[in-house]
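What follows is one chain in structure tokens, specifically the form predicted alone.
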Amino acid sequence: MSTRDNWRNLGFLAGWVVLLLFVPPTFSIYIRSFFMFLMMYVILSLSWNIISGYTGYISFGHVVFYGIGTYATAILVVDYGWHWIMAVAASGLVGAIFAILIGYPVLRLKGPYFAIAMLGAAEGTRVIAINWVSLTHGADGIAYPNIENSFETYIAMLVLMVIAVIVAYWVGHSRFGIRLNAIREDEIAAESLGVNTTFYKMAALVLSAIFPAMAGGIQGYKTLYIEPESEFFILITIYMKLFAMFGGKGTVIGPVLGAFILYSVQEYTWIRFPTAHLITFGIFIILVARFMPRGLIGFAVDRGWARKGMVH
């Protein structure tokens, strides 16, 4: 990628950050919350893309890291009196440790077996959260003190999103990312060329776990209440997967565009068609999959509207 493209991408990111910084003091709490959750899905989509877009290991259970993060933050804040920012930072470490623990067995699997194993890990962790009452408070969930925190959680999510974009950009333009792409294209050939595939897959999984865990911690503190069914909800994984694939998996800007557009569409259909918004949203996804199977980025590149280097 040329220096000009790098400066253009940096300017694009800076412009979005400046725009989002003006949202909190000028809009209602609802609009502020909308943008906060939109940024959260940008983070989740970018994180899913690191392991699934670059290595080709499609995860159906990435919500497990999100749920682990919400619980780690809530337990540290409510039960141990930590400041919520310190607890969110610690939740990223907890997510990384959990990724290492499950990574060794599940990364031995490939294709649909890996996807199902990740789904099983998420569902198993949800069951543990329901039944480990002494730690997680069980099905009753955990309630934070009732305070207005929409501004500080908004800023925290914005900072985390910027960091996630920078890390994703580094992954997409580094030797680390090139090795992940080699694993996606032909893992056996990559290993025969000296790539330590086990290490790189594990590193990608750990990196993709940190940001969802921290985003989950911020989200839990924003909503002031968490419980297993909502924090380990499979639809969260489906959303991050769809957003990344709609924008263009294996790219940096694709998951960002996908999350911004599809989350906005989802919110609009929920407001206008509250009894049928999932059906409407589903029809939209089907049409996109039919006419833009490689996502927005692939669609733009195929038609010469953008160079691959500009959007990667």
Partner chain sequence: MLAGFLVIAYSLPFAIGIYTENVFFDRQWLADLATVVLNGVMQGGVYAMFAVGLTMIFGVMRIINVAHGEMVMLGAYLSWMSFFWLGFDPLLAMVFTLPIAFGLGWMIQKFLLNAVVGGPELTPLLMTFGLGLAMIYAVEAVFTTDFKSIPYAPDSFQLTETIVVGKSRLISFVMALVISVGVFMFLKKHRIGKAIRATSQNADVAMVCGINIYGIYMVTSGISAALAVAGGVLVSIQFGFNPETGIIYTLQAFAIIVLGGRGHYIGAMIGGVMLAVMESLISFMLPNGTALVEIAAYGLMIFVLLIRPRGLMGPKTD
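Residue numbers count along the first chain shown, from 1. Only a predicted model underlies this, so the values are computations on that prediction, with no experimental measurement involved.
Below, we refer to the form predicted together with its partner chain, which is not included among the displayed structures.
- Put simply, of 97, 159, 166, 234 only one has a heavy atom within 4.5 Å of its partner chain in the model of the complex, and it is 234.
- Distance criterion of 4.5 Å from any heavy atom to its partner chain in the model of the complex singles out 115 from the list 171, 77, 115, 90.
- Though the partner is left out of this view, residue 123 does reach within 4.5 Å of its partner chain in the model of the complex, counting heavy atoms only.
- Residue 109 belongs to the set of residues with a heavy atom inside 4.5 Å of its partner chain in the model of the complex.
- Although the partner is absent here, residue 155 is not a contact residue: none of its heavy atoms lies within 4.5 angstroms of its partner chain in the model of the complex.
- The shortest heavy atom separation between residue 81 and its partner chain in the model of the complex exceeds 4.5 Å.
- Contact with its partner chain in the model of the complex, defined as any heavy atom within 4.5 Å, is confined among 219 to 227, 127 to 135, 147 to 155, 82 to 90 to 127 to 135.
- Taking its partner chain as it sits in the model of the complex, the stretch 44 to 80 comes within 4.5 angstroms of it through a non-hydrogen atom at 56, 58, 60.
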